[in-house]
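Here you get one chain, nothing else, as structure tokens; it is the form predicted alone.
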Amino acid sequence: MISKARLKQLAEKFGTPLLVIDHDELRKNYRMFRKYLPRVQPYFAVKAGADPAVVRTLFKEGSSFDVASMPEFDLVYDNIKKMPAKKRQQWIWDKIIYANPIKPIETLTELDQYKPLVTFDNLDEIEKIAEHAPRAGLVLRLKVSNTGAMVELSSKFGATSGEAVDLILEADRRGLVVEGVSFHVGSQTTNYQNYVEALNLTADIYAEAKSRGYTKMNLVDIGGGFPAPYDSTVRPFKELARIINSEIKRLFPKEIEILAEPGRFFVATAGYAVSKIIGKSVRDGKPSYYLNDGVYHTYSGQIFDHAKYPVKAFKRGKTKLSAVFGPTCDALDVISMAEDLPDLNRGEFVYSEMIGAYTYASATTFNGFSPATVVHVNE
């Protein structure tokens, strides 16, 4: 954990807006995941924190990677360019999954040389892969319950249980190899029953495929959704891990490889935002502060990820319910209408914690304001 004093020092040194990434926290979260889910190989979802330094740290820890675009693939591939060609190819197969179920033809054409692992969930994708990336290994994405997730995903991706095995057999008929089945229970899932239902559905698909003559599958990808501890309502990760471990042990023999795609879980608690008050006013009797960071920048997760990042003051004092706005001229740029803050002055710093996931990764330059400077500590 980075102290308030350290955050303030960094802001004074590098200026604001500032995003601080604590690599000790990245390593701690990775090791916690491996400790409590020892049979599961994590494939970090690069979209949660697409930064070369973040990828490098997790690479050194032994993480694999879930990518959803060629720029994300290249971000990971930059770490293995110096490997011998044979070892490099094996690493790609074992350590990268292209987990976007829908891929442009240009992407498939480029990916084919790497013989990658890719997901799919429909007939059209099978046709594209067969024509443009026939050397790929396939993973069928299932539609599963996302009840209780902060961000729902099954409305956009996933084959239904009724069509799943038909798709597997069709891919096989076209000369492709389906390596296994994947699912995603939704981002920041606090309903742990989603994993139980999804794992049991996956086991049913395995059994049906086997009964219909397909026996080539050897992996299960349990996706992401592992919740970050944003507040006390989020139950401990080890509780979820116990549930997952129990179901995996009961449903899948040891020779089946188990993958996962944690994103938020690795990076959320590693990020700190520090910004400066550039203006203040009283609106409808409420103190209102304008920061040089906002929802088009580090606080973008409030829109794209439905998350909230409480704004905190460095100084103490009697607090009042206050509004906090970003720097742009768009009325959408509202960080909060209800923060308990002491009386603050123009030029003072404020900060937010647990802001490392889906924030700077989706920041823009709207209105000409640049995203925060990213500073890495404890690399």
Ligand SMILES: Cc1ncc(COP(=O)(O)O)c(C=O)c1O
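Keep in mind that this is a model prediction, so the values were computed, not measured. Counting begins at 1, following the sequence as shown.
Below, we turn to the form predicted in complex with the named molecule, even though it does not appear here.
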Using a 4.5 Å heavy atom cut-off, indicate which stretch of 161 to 169, 285 to 293, 122 to 130, 224 to 232 touches the named molecule in the predicted bound form. 224 to 232
Would you classify residue 118 as touching the named molecule in the predicted bound form, given a 4.5 Å non-hydrogen atom cut-off? no
Though only this chain appears here, would residue 262 touch the named molecule in the predicted bound form if you measure heavy atom gaps against 4.5 Å? yes
Heavy atom of residue 47 within 4.5 Å of the named molecule in the predicted bound form: yes
Within a 4.5 Å heavy atom cut-off, is residue 103 in contact with the named molecule in the predicted bound form? no
Of the residues 111, 307, 199, 99, which one places a heavy atom within 4.5 Å of the named molecule in the predicted bound form? 99
Just to be sure I understand the contacts: of 194, 269, 187, 300, which is the one whose heavy atoms reach within 4.5 angstroms of the named molecule in the predicted bound form? 187
Residues from 2 to 35 in contact with the named molecule (non-hydrogen atom within 4.5 Å) in the predicted bound form: none
